[in-house]
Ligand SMILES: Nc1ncnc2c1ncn2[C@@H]1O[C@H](COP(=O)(O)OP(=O)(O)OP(=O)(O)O)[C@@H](O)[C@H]1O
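Only one chain is included here, represented as structure tokens and corresponding to the form predicted alone.
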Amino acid sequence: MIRIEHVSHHINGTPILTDINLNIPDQRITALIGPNGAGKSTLFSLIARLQPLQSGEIHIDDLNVSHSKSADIARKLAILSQENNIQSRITVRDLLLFGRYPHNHGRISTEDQAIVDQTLNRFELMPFQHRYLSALSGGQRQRALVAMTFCQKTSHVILDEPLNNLDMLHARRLMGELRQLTQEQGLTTIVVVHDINMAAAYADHIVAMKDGHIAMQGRAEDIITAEHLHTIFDLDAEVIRHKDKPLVIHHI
């Protein structure tokens, strides 16, 4: 379980997060939703230890994020941020092998190669395995980065806007894969996502943020209502039911 206790964060005196207390359920997909500036990506970066905690504590199972060794966290938590420093002059296969580094420290084994082969097939990347990232479309590159994250074989995965650059078909396929991998491998998966309908369709648990606070959390059917959407997003939209899931009609 990921436990967040009394976490606050300021930038130049401006509050970004205020006294966040949150337990992320195990072996489920949790979607972080909310308007721009709600604090979603900042919370992501603190869980991922991309920036230091200013106050409060975050625990990943028995590991304290502030005090644990990076190598220990890397074997427990895989992350995909919106900004990464992966060089474009690397092939897709080598990128996925890079994801195995916390386990092999550069000594690639037959098991590593087998995991990469399995992941390439799963994310429909085998035809591109020897291409450089610079030769891929934005959507193909994004799928490769997500695949690299899952190659790490951690118990916890957090993804910041994994649907970036994906068309409707590949966005749906990716969310379906996340759903299946979470169930098959018993993962604790957190997804920061702007597409409210993707959150409703695939997440087990939804955490809605606004103005640096947790506005509400719960099951999709309880959180995604017309009244709550107005509270969270200041949005007037119709919510209907489709295949027992809430569907937000906000385009017209």
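In case it trips you up, residue 1 is the first one in the sequence shown, and so on. Values in this document were obtained by computation on a predicted structure and should not be read as measured data.
One more form of this protein exists, namely the form predicted together with the named molecule; it is left out here, but the text below deals with it.
Colleague: 221 to 229, 53 to 61, 195 to 203, 30 to 38: which one contacts the named molecule in the predicted bound form at 4.5 Å, heavy atom to heavy atom?
Modeller: Only one stretch qualifies here: 30 to 38.
Colleague: Taking heavy atoms and a 4.5 Å cut-off, does V239 contact the named molecule in the predicted bound form?
Modeller: Because no heavy atom of V239 falls inside 4.5 Å of the named molecule in the predicted bound form, the answer is no.
Colleague: Is there a non-hydrogen atom of I11 within 4.5 angstroms of a non-hydrogen atom of the named molecule in the predicted bound form?
Modeller: Result yes; I11 sits at the interface with the named molecule in the predicted bound form.
Colleague: Does any part of S109 reach within 4.5 Å of the named molecule in the predicted bound form? Heavy atoms only, please.
Modeller: Contact with the named molecule, no.
Colleague: So in the predicted bound form, does any heavy atom of E161 sit within 4.5 Å of the named molecule?
Modeller: Contact with the named molecule, yes.
Colleague: Taking a heavy atom within 4.5 Å as contact, would all three of A74, Q113 and Q152 count as contacting the named molecule in the predicted bound form?
Modeller: Not one of the three qualifies.
Colleague: Of Q82, N121, S88, N104, which one comes within 4.5 Å of the named molecule in the predicted bound form, counting heavy atoms only?
Modeller: Among Q82, N121, S88, N104, a heavy atom within 4.5 Å of the named molecule in the predicted bound form occurs only for Q82.
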